Structures are given as C-alpha cells and as structure tokens.
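Here we start with a single chain on its own, the form predicted on its own, put down as structure tokens.
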C-alpha cells in the first residue's frame, strides 16, 4: 500500500509540533509540506516555527506561508498563555536554516492536490482559513483530495474556549462552515476524543528521548504546555493535534459517527460545530442538503498512547 501523502496546515503551537514530528517519524506517512496560518501565534511566527520543525526533519519539508487573519475580521487574540509568545513555550531557539518558499499556502495546496488527484490528504490542525480560501479559488480540489482529516470542533461535548466552541473553529467560524458544507470526505477529530487522551509528565519523559534532536526539542517545549494544563487542574496535557495523525494510521481504534455539520458563525455560540446526529433530514433547515461528515466520538485511549510511544521512542 502506498504511503499516504499529507499536507499539514498548521499554526505551531506545542501540540502542532508534536503532531508534525509524529507524522515525520511515522513510517507510513509521506509529509509533503507544511502550510501556515494564524492561530496559536501570528502567521509570521507560525511560519518561523514551521521552518524550525522542517530543520528538525532534515530541511526537506517545504513551508508555505498562509493567512494572517480570519475571512471576515482582523485577528485580535493569540493564546500565549497556552503556548507562549513564540508558540514553543518561550524556549530560546536558533534561527532556522529552512526558509519559506515563495509560493503561498493556498496556491501550494491547490497545486499539490491538482498534480496528484486522489492521493493527498489535507490535515488542518489550526484555523481553517487557508482551506476555505483554497476551495474558493479552486473549488475543483474538493473532488481531487483523498480526504480531509482535521483537528477541531466537538460533536458531543462542550468547547474548550467556552461552552460552545473549540479554539480552531472559533478562530475562523466562517471558514470552518465553508469547509464542513463542502462535498468531500472529511473527518473531524475533535474534543470528543482529544479530551480523553491525557499524557502525564512521566509518560512524556519516557517517550520523548532526550538524547535525540526531536525528543530533546519536545522535552524542552512541552513543559510550558504542561504548566498551563496544571493551572486548569489537569495532571498532564490533552493530546489535541497528534490525535489527528493517530487517526490517519489507526482509524480502527476510533468510534466514528456520521452527520451533517454546520458551524455557528455569530453570537455567543460562534465557532460551535453542530452535528446532526439524529439521522433526521431536518428539511428546510440549515442542515438540509449538507453533505455528511465523519466525527470521532470515542477512542481506545490505551492503544492511542501505545502507538504514539512506539513511534516517538523508535520502537
């Protein structure tokens, strides 16, 4: 079986770094590019961070700069209390050798998908602005991608920014609704499963080998993320973005439900992913005629943690 080719659309971010480096180390994935977007940090910092990650991966993964703001407003918030002002826990970093390519993220996505129809999986683990812009510019890519596997949203649980919204969805709800209402194969790996998977400090120390460049890097940056989670009463950290990579290669350990998804774009519930889990058509409503999406609603936590450990520790 051919290795899945993936483009990770990202706003690195500590858990983004965990996901990207997991994809790099996984033997059954071909990572063909990183496209950057505002989110955990401004897009310039996200691109800088992606270049640092490309260096760690041998400098062979191209980085393309993407959207600085949501579709319909300026961006006015970055969660530096979660990831640090530099996105990597305010850990001091050497300037990257890798430089972003001249081609922008949207055009990179369109070109790669168009050149390899049916082969490329898009893995957005940040706000969905780049993906929505790519659909607007080249709607034909919806029939050319293999699938979309995104980290974000929630089908059956509350959000993590507020009771309604998960962070990536709230960052650009208009883009998210555009992505979910497109007729293409899409799977939401959201808080339903990522809040089940907690990595405590002892586990992270065991799987991130300090005597390797990647393991040592992750050990340095993850402490800030752990401290944030401890401040919220969690002894460990939620495994958000890496879970999308686990799903790509171990879908059998997830329970998936199908339904049409709409994303609330305004008001107190902005960013809420509302999935029709009833099976009813709801004729004449905002869910009428919307293509179904898959949503991960349960996961074998032990199997997920064992697989992550195997890949990251080189077993």
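Positions refer to the first chain, counted from 1. Quick caveat: nothing in here was measured; it's all calculated off a predicted structure.
Beyond what is shown, the protein has a form predicted in complex with a small molecule; the following relates to that form.
Undergrad: Let me know the one among 167, 222, 149, 199 whose heavy atoms come within 4.5 Å of the small molecule in the model of the complex, would you?
TA: It is 167 that has a heavy atom within 4.5 Å of the partner.
Undergrad: Looking at 187, 98, 112, 160, which is the one with a non-hydrogen atom within 4.5 Å of the small molecule in the model of the complex?
TA: Comparing distances to the small molecule in the model of the complex, the residue within 4.5 Å is 160.
Undergrad: Using heavy atoms and a 4.5 Å limit, would one call residue 125 a contact residue for the small molecule in the model of the complex?
TA: Heavy-atom contact with the small molecule at 4.5 Å: present for residue 125.
Undergrad: Is residue 172 part of the interface with the small molecule in the model of the complex - any heavy atom within 4.5 Å?
TA: No.
Undergrad: If you check in the model of the complex, is residue 49 within 4.5 Å of the small molecule, heavy atoms only?
TA: No.
Undergrad: Given that the partner is absent here, does residue 294 sit within 4.5 Å of the small molecule in the model of the complex, heavy atoms only?
TA: Residue 294: no, not in contact with the small molecule in the model of the complex.
Undergrad: Within 4.5 Å, heavy atoms only, one stretch in 67 to 75, 176 to 184, 131 to 139, 240 to 248 touches the small molecule in the model of the complex. Which?
TA: Heavy-atom contact with the partner occurs in 240 to 248.
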